[in-house]
Ligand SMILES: NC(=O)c1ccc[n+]([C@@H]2O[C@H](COP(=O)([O-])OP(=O)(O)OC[C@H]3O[C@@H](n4cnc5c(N)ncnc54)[C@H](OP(=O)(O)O)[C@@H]3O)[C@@H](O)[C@H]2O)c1
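Next up: a single chain in structure tokens, the form predicted alone.
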Amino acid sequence: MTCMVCELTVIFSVSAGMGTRLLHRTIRKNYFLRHPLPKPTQKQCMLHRTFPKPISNLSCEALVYRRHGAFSDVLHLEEVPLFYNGREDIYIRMLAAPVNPADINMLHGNYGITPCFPAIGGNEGVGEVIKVGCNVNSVKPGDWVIPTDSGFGTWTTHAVCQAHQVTSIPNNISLISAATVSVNPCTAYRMLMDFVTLNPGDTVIQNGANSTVGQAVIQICSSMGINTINVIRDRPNVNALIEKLRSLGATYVITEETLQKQEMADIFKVVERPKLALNCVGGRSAGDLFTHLMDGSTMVTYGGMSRKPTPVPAKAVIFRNIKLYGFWMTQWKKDNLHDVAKIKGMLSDLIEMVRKGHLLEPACTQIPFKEYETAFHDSLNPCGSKNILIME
């Protein structure tokens, strides 16, 4: 028999609008005034140890925005009500959440998904489960969890959601690794696993190799015995950057100018031509990659940092059978929400790499949550480190 409370109570979602929340609160108040809940039976109390209250009004501090624009104009720290019904919900204390480029693009309205306003910012992070509803069996208090899908709203001290909206992960890895595992490492992992079959000794070439995704690609490939040719922009500290990427396991690190030099022929005397190219820059940087690919190879584009189109040589796709794909981790997650085993398997592989030291936590600056403005100002520096908001 379906529970009337479950039918009539509108469960709060972390992405719901504030006006909708107030309406939901009014619905709850009116309904429970007219229909008092029965006291839990002794059997229920024994079954669930402590039978939770049906409704528990909580609140959190969150970074909220009500329109698109620059963070300094639209993002504000506010107290936000949370509604925990004690049945299907879980109550989470957020521990850490990064400030990613995609988060900034969402604030500006320049991303592939747009939230319902008002919205809480942040798509990635890790939290600790504080309590769970009596119908929840997949997680328990003390578990660490990360969002299963994008748009969760992680820039908050606490959250209430349903169990399927998060995925549990081990709490014996570093907080920074846990908070940053679900976007960039997953992007690198999927691009390496989903488009071609890579074997030890194969070669992957990528531009934007110093990006967080690029560094994950280097480390994952190194752990698999796959060679990487890593293209970066020339800069004053280029030698230091080359050494850093080599320390992560890069086989070769070259500048964009090197793609047009004889040095490339020398590289291919040692390793095979790439069967996979990863492009996050676009423009000439991407166009020059085609020259060096193996016939029948694949190029995957997952970004466009240069804001220029990728020139595609007709000969490459007609006579050399080079295949072109796009990849967006957000879309992959939406397409695979039903396949819990696939998501957990990917995270398990990545976390095992973290445990073995094959996937290091990204270099970052930890910033207290209430000093969030510092993190956003720093994010405007293209050469700055990754910023992570620490909620504790």
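These numbers come from a predicted model, not from an experiment. Residue numbers run from 1 along the displayed sequence.
As for the form predicted together with the ligand, it is not shown, yet the points below apply to it.
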property	result
Residues Asn184, Arg235 and Met305 all lining the ligand in the model of the complex, heavy atom within 4.5 Å	yes
Interface stretch in the model of the complex with the ligand - options 78-86, 184-192, 160-168, 131-139, non-hydrogen atom within 4.5 Å	184-192
Any non-hydrogen atom of Pro101 within 4.5 angstroms of the ligand in the model of the complex	yes
4.5 Å heavy atom contact, Cys280 and the ligand in the model of the complex	yes
Asn123 within 4.5 Å of the ligand in the model of the complex, heavy atoms	no
Glu256 within 4.5 Å of the ligand in the model of the complex, heavy atoms	yes
Contact residue in the model of the complex, chosen from Val213, Ala96, Met106, Ile242 - any heavy atom within 4.5 Å of the ligand	Val213
Cys60, Met329, Ile351, Val64 - the one with a heavy atom within 4.5 Å of the ligand in the model of the complex	Met329
